[in-house]
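Quick heads-up: it's one chain on its own, the form predicted on its own, in structure tokens.
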């Protein structure tokens, strides 16, 4: 079983990643931290607490940073993709649950230091909290098992600019700090997430067996799908954050390359990820995925747990 610290910015696709992780017996979610990205930090934190209750999770939740690593305010939030509240504006976000008192980066460092087994950090938002932990806690990089991140792209166009993927673009300076750390890192980027798409039929097959919970998932994903339908002829949408979670549980479904990752921090290509192939490099990049089996696994795990 893998002990996992999840850093997330819920986010419709984050919600889907979270319910998948909660469905996997091989995953022990030790803690969750929030970061701004798909919505404001306040909304992302409220969403994480709401989803914790809805998915019947027990992991503590820690509130993350409200500013980028360089102290600047975050960019405007993608209301057109995730809604103003981050979950499609389709249900009231109500819960009596509260965050823990520690900051996200302190919680990351404490758990990595104190855990009997090394922690895997799954980062599916921008990397501000992770960078703060690396800067503030000397041994944090050495205490981690690995970082799996959803973000970046090698050969696929960006989804914020022509070059940049949203999670890296949100805080390129933080991404640079993380990529320069000594932690083994796997990037699950647009090269694989954009080809792994959830169709209307797939979503119906999944949600129809989940009762009220299925209704909720159908509603939030309907908002997400409508955004993508405006730009394509098909009512389908990419599986972003969930695919990083699937790599965590089933890396054999992916084709990868080893090497060195870096990020452009200045100019028109700010937020672009670069890769230099090297079998001795510390970074792993996903370049292809078994789409059919990844989708089948995702659906079956959730149905086994919640139907």
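Numbering follows the first chain given and starts at 1. Keep in mind that what you see is a predicted model, and the values were worked out from it rather than measured.
Another form exists, predicted together with a small molecule; not displayed. Remarks below refer to it.
The closest heavy atom approach of residue 38 to the small molecule in the predicted complex falls within 4.5 Å. In the predicted complex, the small molecule lies within 4.5 Å of some heavy atom of residue 124.
Shown alone here, residue 130 lies farther than 4.5 Å from the small molecule in the predicted complex, counting heavy atoms only. Contact annotation: residue 150 falls within 4.5 Å of the small molecule in the predicted complex, judged by heavy atom distances. Just one listed stretch, out of 105-113, 137-145, 158-166, 177-185, contacts the small molecule in the predicted complex at the 4.5 Å heavy atom level, and that stretch is 158-166.
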